[in-house]
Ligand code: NDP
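Presented as structure tokens, the chain that follows is alone, the form predicted on its own.
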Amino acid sequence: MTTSPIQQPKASHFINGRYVEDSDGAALNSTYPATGEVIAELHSATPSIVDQALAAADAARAGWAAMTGSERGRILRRAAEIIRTRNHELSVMETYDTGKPLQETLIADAASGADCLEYFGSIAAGLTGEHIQLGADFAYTIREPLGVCVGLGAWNYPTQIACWKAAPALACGNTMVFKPSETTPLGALKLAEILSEAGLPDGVFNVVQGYGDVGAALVEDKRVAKVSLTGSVPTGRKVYAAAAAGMKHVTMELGGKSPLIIFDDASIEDAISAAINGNFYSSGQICSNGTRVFVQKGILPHFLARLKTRTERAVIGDPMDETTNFGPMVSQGQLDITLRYIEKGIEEGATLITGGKAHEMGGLYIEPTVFSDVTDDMAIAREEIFGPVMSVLPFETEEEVMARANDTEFGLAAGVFTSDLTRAHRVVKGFEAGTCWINAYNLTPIEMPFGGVKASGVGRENAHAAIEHYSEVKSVYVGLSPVEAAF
């Protein structure tokens, strides 16, 4: 192993309040995408490790659930403050783990995780039931935790996703076993450390590393009451089916091929900014990206000219340099997939406006790429690429573009730019998507529910809506009147 620029984790897994290792597990390394350097050598969880983690979570759930919401919330808020204090250190680690520029990770990763812990820590005390008066009788409801929850993370926002799943689960009184992506294993371990430091009881939040077989073992275990996945649609279908076999609760935050519609009365510069953010932030590796950019024909030439100019201003370089705003892809596999889609776009007749090839820096770097003259049936317009490839499609009328925007199996996100707010709200109502923006794109504050429809997922993350997916309601009828019977 080369000299790591960050501290090597004490062990591969975090179970029952401490680091645990089992070197019999398959090798699982974290590699810095900018250089290919191995920054951490870990091991995938063996069956013994998986069992230890689930047993710890199962043993801890009664005590954690018995605590008051105020007590649980206090721990989550304390963890949020620790994360904020160590944001720079955590952001550096995230950059080495993912390859995302430090300029991004300083504001969008651990910081977002802290916001999430603070939000759910703040509302934990208010997770109460309701009273229902029924004449002389009455009923009341009790909001109860589900039990042991499994979180399965993705590699694009490892620390943020771990917090998005852990915070609502723990606020509701559940315990969790979290498996990060095998590509980015480090952030969840740091979160587990910080939660423990903040006073979280042993066993409430556990982290195990692993490949698909470890995820499957977690999902299928009878001790698990809930599974929350962030990942691709094919993976989601498999996990959903496995969870359904055990009648488990699920949240599926999956992929998309989201539309961004730009009308001719929009602020072109703002719309271009949104299109850049919605296609090239994190090198295009964001599930909600608006990769189908529909532009009304009257402004199309000007839009493309400005888009080309601004895209070619991207500062591609060392992710640790805070002037860099476009980093490498996360892995060779993801780079190869993206390059194949670019080749296919050219073969199918789309016009390459800018980019289109691996960057001269080599390694996992690729140029931000824009295609015009894209038609709805092209692969680059129908399939999720998860790379920095923008497809620009012309349209004439609102009715036409709405039909085309919704003509997809996905339904994660959608956006519209227009100065006509009546039209904006009408378009948003017509979108078949779970998360929408008007004159903005890809802003995901913790206070707003996030999730998709159709093949893009089930359930919602963040905001009070997430509470519904990490708890269940018990109804109690209280009879105060004489009981009548037919005989």
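Residue numbers here begin at 1 and follow the sequence given. All figures in this text were calculated on a predicted structure; none of them were measured in a lab.
This next part talks about the form predicted together with the named molecule, which is not shown.
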query	finding
Shown-form site status with respect to the named molecule as positioned in the predicted bound form after superposition (2.4 Å backbone/C-beta criterion, 3+ atoms)	open
Contact test, all of Ser181, Lys238 and Gly255, partner the named molecule in the predicted bound form, heavy atom 4.5 Å	yes
Partner-facing stretch of 186-194, 94-102, 153-161, 274-282, counted where any non-hydrogen atom is within 4.5 angstroms of the named molecule in the predicted bound form	153-161
Proximity to the named molecule in the predicted bound form, single hit among Pro145, Gly345, Gly411, Gly231 (heavy atom within 4.5 Å)	Gly231
Of Tyr32, Trp64, Phe450, Trp437, the one that lies within 4.5 Å of the named molecule in the predicted bound form (heavy atoms)	Phe450
In the predicted bound form, Ala216 touching the named molecule (heavy atom, 4.5 Å)	yes
The named molecule contact in the predicted bound form: Gly210, any heavy atom under 4.5 Å	yes
Phe386, heavy atom within 4.5 angstroms of the named molecule in the predicted bound form	yes
Partner contact for Met402 in the predicted bound form: the named molecule, 4.5 angstroms, heavy atom	no
Sequence-ordered residues of 281-303 touching the named molecule in the predicted bound form, heavy atom within 4.5 Å	Cys287
